[in-house]
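Presented as structure tokens, the chain that follows is alone, the form predicted on its own.
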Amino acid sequence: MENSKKMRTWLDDFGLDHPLVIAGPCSAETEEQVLKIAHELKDTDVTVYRAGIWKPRTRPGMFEGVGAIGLDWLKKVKEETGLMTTTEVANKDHVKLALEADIDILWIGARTTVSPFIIQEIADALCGTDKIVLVKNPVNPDLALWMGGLERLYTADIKNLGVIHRGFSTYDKSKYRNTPEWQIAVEFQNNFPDIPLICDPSHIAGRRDLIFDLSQRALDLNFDGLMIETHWDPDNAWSDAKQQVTPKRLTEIMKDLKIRQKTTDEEGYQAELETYREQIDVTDQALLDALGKRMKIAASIGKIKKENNVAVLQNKRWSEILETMKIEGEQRGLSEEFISRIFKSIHQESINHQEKVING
């Protein structure tokens, strides 16, 4: 996208001396609940009040939001507290109602981002609006799909854009509800360095005790803000109870987070160096995750070999792998010597895992 620096205008216009904070309940449940939480947040670092009006749920029969009546409650939030408001829109009808209610910021959820058809429908309904529109990453780890959603909106003459990183679904067991896959967010930053990037640690975590650490990691990676689900009585929330925090806890999180100061000259060099080191840390974690998955596959192979009384070492297969990886590595600027050392170590560890299965 051309002139991407203009994308930062809306965030810069806020004049904040801290990262943008968007907070509020996962779902608007009652007028009393919405207003009570908003009044508890109005004198904090929170700039934008969030509440889900329409809730796309994975399975039918779950609470799917109060609907359009909740927009009137958000109007009262703005009138009584001065906070800006935001909610999720999932189709053109939602867009129409949200615009009529003068909602300040609209966000597009992960389940919607996966469909270019629905994104285009929303883009057409928003064509030319000066509202701020945020796009959450798609449910699956597909950078091109995320970028494509943003580009469709931009093509519809929507210029106040930003994105929200909320993690990705996975079948693998993890302490997170959605795996962060930080490297995808980092790659997005590399492609669109001037698009405001906000982290949603609530949906990544799925547990309130992980939100602080995830928020700190996001700020360390130069995210522009945080969207944190906040409820007056989290344990009894009508949706996503485990991942919401109280306004008091949110205030503590904001106070304890360490914000990277932007500097120039020699200090600027140190800040830039630290940014790249953080990216290396994220990439290294991804490498460890990939190696862990590989060893689980090796153990499964060991089980099959045991059942069929087959030897662990298959020299022909190993030689083919090594030669292929040397060629693949050269294409990526990696020396043959380095590839040989790395894959010999990986191969030995794979043998160790298979032998544990066979001899166990």
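For clarity, every value in this text was computed on a predicted model and none was experimentally measured. Residue numbers here begin at 1 and follow the sequence given.
Omitted from view is the form predicted in complex with ligand PEP, to which the following refers.
Each of 50, 88 and 166 is positioned with at least one heavy atom within 4.5 Å of ligand PEP in the model of the complex.
Contact annotation: of the candidates 180, 109, 247, 162, the single residue with a non-hydrogen atom within 4.5 angstroms of ligand PEP in the model of the complex is 109. In the model of the complex, ligand PEP sits within 4.5 Å of a heavy atom belonging to residue 203. At a distance threshold of 4.5 angstroms between non-hydrogen atoms, residue 298 is out of contact with ligand PEP in the model of the complex. Residue 41 falls outside the set of residues with a heavy atom inside 4.5 Å of ligand PEP in the model of the complex.
Not displayed here, ligand PEP is approached by residue 26 to within 4.5 Å at the level of heavy atoms in the model of the complex.
Stretch-level contact check against ligand PEP in the model of the complex with heavy atoms at 4.5 Å: of 75-83, 217-225, 271-279, 101-109, the positive one is 101-109. Contacts of stretch 217-232 with ligand PEP in the model of the complex, defined by any heavy atom lying within 4.5 Å, are made by 229 alone.
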